[in-house]
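Take a look at this single chain, the form predicted alone, given in structure tokens.
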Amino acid sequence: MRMDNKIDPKELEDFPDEERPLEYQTETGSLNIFGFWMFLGAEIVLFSALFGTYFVLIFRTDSSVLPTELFDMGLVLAMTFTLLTSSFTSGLAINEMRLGNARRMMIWIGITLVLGLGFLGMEIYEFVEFASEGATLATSAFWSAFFLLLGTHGVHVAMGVAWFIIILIQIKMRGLNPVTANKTFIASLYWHFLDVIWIFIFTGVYLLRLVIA
């Protein structure tokens, strides 16, 4: 007969640590967050490679249309403001989540989604305008690197939007609990990561290209 008080690790999920933030209250939740940080490390490698390719090809415009002729800094600033604001609203959603306010959390996530879709709309508009002026993937090495970098970031933003929509559906169906809170927190981390990548794009792609033109 066993007389010790040890708990099987599998049973720890039934005893959440309520003194910790909701997303960290289970062992699985903490491991999921750690694993996602590892995933972000791989994403950093991916974007580092794309940035490296872009900087190597930054002057390879050949005789094609120059980026300084097409870059609309008013639009770029609007895109930047929109995406950074969405990062702020995502943070507010996590704050409401930790306070246990599911309804307010969902409202802030909804606002984040609207801002994310607005960013994507402006980016698609920019790409269409560039293509109409003769700047496409096949135009030159510079434009290939440009569209590859920004397009990859845009696809990630679209994935983040879809991710938040799925989370909203799950919270609506299952309520706010350690599992849904963990998923929401990880999605918010992902969103903040994309905002950081955009800051590098804004600085290294748009501003730098205008300075060295």
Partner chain sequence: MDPAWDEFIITGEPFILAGQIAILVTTIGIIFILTYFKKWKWLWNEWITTPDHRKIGIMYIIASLLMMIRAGVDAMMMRTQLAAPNMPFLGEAQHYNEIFTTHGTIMIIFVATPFLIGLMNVAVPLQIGARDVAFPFVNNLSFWTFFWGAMLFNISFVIGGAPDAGWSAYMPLASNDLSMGPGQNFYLLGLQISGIGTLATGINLVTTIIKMRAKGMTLMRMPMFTWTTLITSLIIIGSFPILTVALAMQTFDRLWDAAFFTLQDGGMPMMWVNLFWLWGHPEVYIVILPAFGIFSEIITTFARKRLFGYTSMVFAIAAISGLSFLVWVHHFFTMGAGPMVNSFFSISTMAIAVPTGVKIFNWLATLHRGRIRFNVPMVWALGFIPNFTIGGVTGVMLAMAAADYQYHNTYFLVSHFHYVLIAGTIFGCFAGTIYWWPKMFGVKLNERLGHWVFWLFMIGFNVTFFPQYFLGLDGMPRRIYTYFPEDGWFSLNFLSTVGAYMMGFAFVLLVYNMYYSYRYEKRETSGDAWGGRTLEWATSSAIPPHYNFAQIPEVKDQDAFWQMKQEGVDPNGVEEYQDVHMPNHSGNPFVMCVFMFIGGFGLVFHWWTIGIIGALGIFACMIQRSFSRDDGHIVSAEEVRKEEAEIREGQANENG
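Quick caveat, the model's predicted, so the values are computed rather than measured. Numbering follows the first chain given and starts at 1.
FYI, the form predicted together with its partner chain isn't displayed, but the following is about it.
Here the chain stands alone, but in the predicted complex its contact with its partner chain, taken as any heavy atom within 4.5 Å, falls in 136-144 among 68-76, 84-92, 136-144, 116-124. Shown alone here, residue 60 lies within 4.5 Å of its partner chain in the predicted complex, counting heavy atoms only. Proximity of residue 50 to its partner chain in the predicted complex falls within the 4.5 Å heavy atom cutoff. At the 4.5 Å threshold, heavy atoms of residue 174 reach its partner chain in the predicted complex. Residue 153 falls outside the set of residues with a heavy atom inside 4.5 Å of its partner chain in the predicted complex. Using a 4.5 Å cut-off on any heavy atom, the residues of 30-52 that reach its partner chain in the predicted complex are, in sequence order, 31, 32, 34, 35, 38, 39, 41, 42, 45, 46, 49, 50.
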